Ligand SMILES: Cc1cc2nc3c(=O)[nH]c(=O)nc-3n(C[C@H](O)[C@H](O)[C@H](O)COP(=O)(O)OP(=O)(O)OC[C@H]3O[C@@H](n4cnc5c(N)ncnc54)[C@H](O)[C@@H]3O)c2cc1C
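Next up: just one chain, as structure tokens, the form predicted alone.
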């Protein structure tokens, strides 16, 4: 058996919380298990605080598993004169690239320049010169030949003057959240999924705890804390209303298509302007597939239901990609999966309808209201800086902390790779050390060479699935296949052809009988159809949902044979 992250299973950890809740006062309780909440848990744990994170669904259930995957410096911020914000984002991007190679990876971008289209090469390359100077190295160049033959085969050539190549980074967003949570738990932090905040508890008008409900057993109990942090993204206002705060969040939906890499093979992330409304969109290589995105529209549906793509969004994204790559002829038949995430944009406008979604600022905001510290907005790239700002806002409630020292230290401890398994390539080792950190050697110790063979065309192996089932608080099948790994997004029909082979793994590790297994399969397949498929399965989506554009407002079989089946 592996050693779980906390030496306790989820049930054991929940029991410990319930037994000690009357006598324990946490320094900080964080509500929200996305990248922002995970970052606060890690930073608070580095500061030596006694800290608990709870998440009403699974870790990274919301936008932190459904983002555009980019770890970038915010070039648009520089374009609008926000130099300090760009500098912070570029600095954080470089830290993540240096500390998590294999999980955060360099990605080259390509922007074509067309006659009469803004920005032109001179303006764009001048901006990139400043952008690269902030990052400390030159990462761009102008290209005026062999663009369609070599750099981006099939790209639209009419009025094409040239292209600019520049650099940022890409990640697996859900795995990044898990890596941050793991690092925090190694430092003594506690994280629980499927534990929801039902009601704030106040004493003399100040928030002093929360009433929580276990979404698995239905049990409820109280937890006390010196300060409560609300990092719930689109749900931020739901808690803030309990302290009589004014609504601030404008939920905006961004949707994506995933197609096989052979249908649209890309070496770069190609950025382009949509022909209908001139919004910047992109297509980029990710996990041996190609992602096309993103849209930007108001989301008026129940936030407790997973979002999904609408037909208008599908048509919009297909129109854009086929204009940019006219010979590709990408259609709905090519789509492996879709996904949609809700951005918790902080709106400064009383009348949202008078402001286009893409015109809303994407900076984060922090509120300190009666002992409830709320944070919303911001970028995946700057999660550590956001966490430091939250600790600054909460420091009057907490023991003394050296926030300056926290800012200057590493986020992730270096991993000693004394791997003697010579069957693993350098890239595999780099990826596994970044994903699993100090538990990398434990992962190697409990898996055979055959179990590291990739499943299908993904980067995921049987060894990783086994580890996740035993160590990463998997409660449902979708936790495993959509967030601990990305098989559900990358294989047709959510990897349905693998379920018979996965059954003994899940039943042994999680104690599921045949009835529970079938319930989980039914739940998963329905979820794949409704929320990760094309809109013909999305009957619950309102018919009047229109695209907002710029122009309108445990193993019982032999492991070696099993891994061969999975990898086919």
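What you see is a predicted model; the values in this text were computed from it and never measured. Residue numbers count along the first chain shown, from 1.
Keep in mind that the form predicted in complex with the ligand is not shown, yet the notes after this line are about it.
Contact with the ligand, judged by heavy atoms within 4.5 Å in the predicted complex, is confined among 403 to 411, 448 to 456, 191 to 199, 92 to 100 to 191 to 199. Using a 4.5 angstroms limit between non-hydrogen atoms, residue 45 is distant from the ligand in the predicted complex. Although the partner is absent here, residue 380 sits close enough that one of its heavy atoms falls within 4.5 Å of the ligand in the predicted complex. Looking at residue 524, you'd find every heavy atom of it more than 4.5 angstroms from the ligand in the predicted complex. Proximity of residue 233 to the ligand in the predicted complex: non-hydrogen atoms within 4.5 Å are present.
When you look in the predicted complex, the only residue of 248, 463, 342, 328 with a non-hydrogen atom within 4.5 Å of the ligand is 342.
The partner is absent here; in the predicted complex, the one residue of 29, 506, 70, 49 having a heavy atom within 4.5 Å of the ligand is 70. In this stretch, 275 to 304, the one residue having a heavy atom within 4.5 Å of the ligand in the predicted complex is 294; the partner itself is omitted from this view.
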